[in-house]
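Just one chain follows, in the form predicted alone, and it is written as structure tokens.
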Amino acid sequence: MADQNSQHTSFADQVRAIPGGEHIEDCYACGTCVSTCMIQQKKEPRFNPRRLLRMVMMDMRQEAFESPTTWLCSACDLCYSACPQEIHISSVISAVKELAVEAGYESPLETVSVDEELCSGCGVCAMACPYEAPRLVEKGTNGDTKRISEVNANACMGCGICVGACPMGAISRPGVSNQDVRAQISLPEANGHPRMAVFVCDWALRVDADVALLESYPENVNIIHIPCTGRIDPEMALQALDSGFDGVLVCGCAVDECHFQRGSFVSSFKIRLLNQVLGEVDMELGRIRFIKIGTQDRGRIRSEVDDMLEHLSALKVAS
């Protein structure tokens, strides 16, 4: 899969020629980017940007193209604010990824797919996606032309934001489809306590202690794991309330720290609109909440859950 241009241009020069890749030599391998990134801790131990940059400088094309670092960086840019050299590491990695795709490599990530029969060609997925993976194309079927969404698998990060955005339910990915998420919504025994569903982003809780704390709550608190709060479909929150839950708590990243760039912004907008609708039908305020957990908010999840449970208990007494 070697790039034909590699015979004439060094790997590092090719990376430098792509906008964003020009800062590759500014890195002095301090490792700060690794310490701020959650991918190594939560998903892939081999994820290491400074090693990838070293591969580029040493002309190790195959190793760089096959490295998980090339494909897993979500460009959240948490590392940028911490980098002493002020390097957009994600831009350098993106340059390497672009060369990998040109050389014939494909993303190893499990990405979304589009049901062409259900797709209406509305373009909402293209507007919602942080990575510009979906695009609208014209396709002909039996002499008719139809506009549908087509997904660039090498750009898709599998966050599920487009899945939650699609009004037709035409987009899916194994593990984050509507059916997969709904299957986690299970009405627990109440035993006199309020029932609460907690939709939690896989990246929002950044230390294992917070994850363990959330999982330690009694059965009246149902934990539903999602890859990003941008995946939330308001219908799921309504389904939870309709099935007997007293409240729904959505836990995501801080807006400027979202692992998938704009997932928290998208979900906070959805929840705000949903609460407005519920207010118009005279449902008590506070039954659906969206909280944003920042990188420095360790342990905060307990106070948020406890406060929500206390609020729901007060609503039960009042009713």
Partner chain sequence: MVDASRHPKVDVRTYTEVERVEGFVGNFKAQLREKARFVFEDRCNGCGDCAEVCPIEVPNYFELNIAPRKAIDVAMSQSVPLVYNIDMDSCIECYQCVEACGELDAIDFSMEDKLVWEDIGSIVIATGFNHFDPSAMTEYGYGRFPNVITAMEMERLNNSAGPTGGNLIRPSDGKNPESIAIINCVGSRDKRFNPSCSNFCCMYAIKNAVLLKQAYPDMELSVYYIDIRTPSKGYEEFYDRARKLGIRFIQGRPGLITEDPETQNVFVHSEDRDLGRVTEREYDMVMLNQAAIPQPDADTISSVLNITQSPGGWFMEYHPKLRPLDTPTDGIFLAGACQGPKDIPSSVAQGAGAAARAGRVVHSEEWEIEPTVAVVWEDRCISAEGKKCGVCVRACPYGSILYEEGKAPEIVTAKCHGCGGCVAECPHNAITQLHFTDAQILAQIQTLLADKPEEKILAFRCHWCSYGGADLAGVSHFDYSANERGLRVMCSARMDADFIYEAFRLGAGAVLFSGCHPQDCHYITGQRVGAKRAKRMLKQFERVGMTSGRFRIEWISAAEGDKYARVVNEMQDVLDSIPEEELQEEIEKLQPYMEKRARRMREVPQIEEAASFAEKIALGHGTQDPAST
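Source: prediction; values computed, not measured. Numbering follows the first chain given and starts at 1.
Just so you know, the form predicted in complex with the partner chain exists too; it's not on screen, but the next bit is about it.
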Given that the partner is absent here, state which listed stretch (65-73, 25-33, 247-255, 285-293) has heavy atoms within 4.5 Å of the partner chain in the model of the complex. 25-33
Since only the chain is shown here, I'm wondering whether residue 97 would be in contact with the partner chain in the model of the complex (any heavy atom pair within 4.5 Å). no
At 4.5 Å between heavy atoms, is residue 186 in contact with the partner chain in the model of the complex? no
Is it the case that residue 82, even though its partner is missing from this view, gets within 4.5 Å of the partner chain in the model of the complex, heavy atoms only? yes
Is residue 242 a contact residue for the partner chain in the model of the complex, using a 4.5 Å heavy atom cut-off? no
Every residue in 202, 268 and 275 with a non-hydrogen atom within 4.5 Å of the partner chain in the model of the complex? no
Tell me, out of 168, 155, 207, 124, which residue has a non-hydrogen atom within 4.5 angstroms of the partner chain in the model of the complex. 207
Let me know which residues along 94-133 have a heavy atom within 4.5 Å of the partner chain in the model of the complex, or say none if there are none. none
